[in-house]
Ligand code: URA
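This document starts with one chain, in the form predicted on its own, laid out as structure tokens.
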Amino acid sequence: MKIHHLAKAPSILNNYLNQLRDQEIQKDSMRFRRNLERIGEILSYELSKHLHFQEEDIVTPLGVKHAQNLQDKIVICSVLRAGLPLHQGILNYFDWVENAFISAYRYHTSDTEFEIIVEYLASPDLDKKVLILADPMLASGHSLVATFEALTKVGLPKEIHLVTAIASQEGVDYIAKHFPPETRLWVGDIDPELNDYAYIVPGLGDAGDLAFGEKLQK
């Protein structure tokens, strides 16, 4: 798997990541969602450089411009519910593409043990398309693997791009073992560890709760 770790280079992306993490700034849920959206836009721009373009003649009022246009058929899929702001940021840049949505949540069997439950999937055919799979937090990696396994039931994409704001090193290592080797991971920043509850440390907390409010635990 090819890993694109964008926070390693100074850019405005780091400002948005820092605001996501800051325990005072993140209390503003609208700003939290907007920062996730901005991060989705930045990651999309970088991702676009690795897609496929074709040459076309564009007719202007004053002549013809020989230019390049994106030729890939793309599907953006986000993991509900935390993935929605990130999805919107990606969609801002790829506004003509198809969309998919999938639910995945932790079903806790104890305080520290859980399994991933996938209950809902709405997706177009993925065969021979570019799949952009978005989830703002890549913790253990089990959710992304479970969602990808569910998505294979509606087709096999020709390329896979994973988009996430913050990941753990353990999660990155896990998905590298379970996704096709040509998969690309686009990640804002990578943190060193998970705690006993499989939350990223230092991370930022629960992205879904910060974006949309606290939920009842199953």
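Numbering starts at 1 and follows the sequence shown. Quick caveat: nothing in here was measured; it's all calculated off a predicted structure.
There is another form of this protein, the form predicted together with uracil, and it is not shown here; the text below is about that form.
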Going by a heavy atom distance of 4.5 Å, is residue 139 a contact of uracil in the predicted complex? yes
Given that uracil is not shown alongside this chain, does residue 20 nevertheless sit within 4.5 Å of it in the predicted complex, heavy atom to heavy atom? no
Using a 4.5 angstroms cut-off on non-hydrogen atoms, would residue 200 count as touching uracil in the predicted complex? yes
Residues of stretch 195-211 in contact with uracil in the predicted complex (4.5 Å, non-hydrogen atom): 198, 199, 200, 205, 206, 207, 208
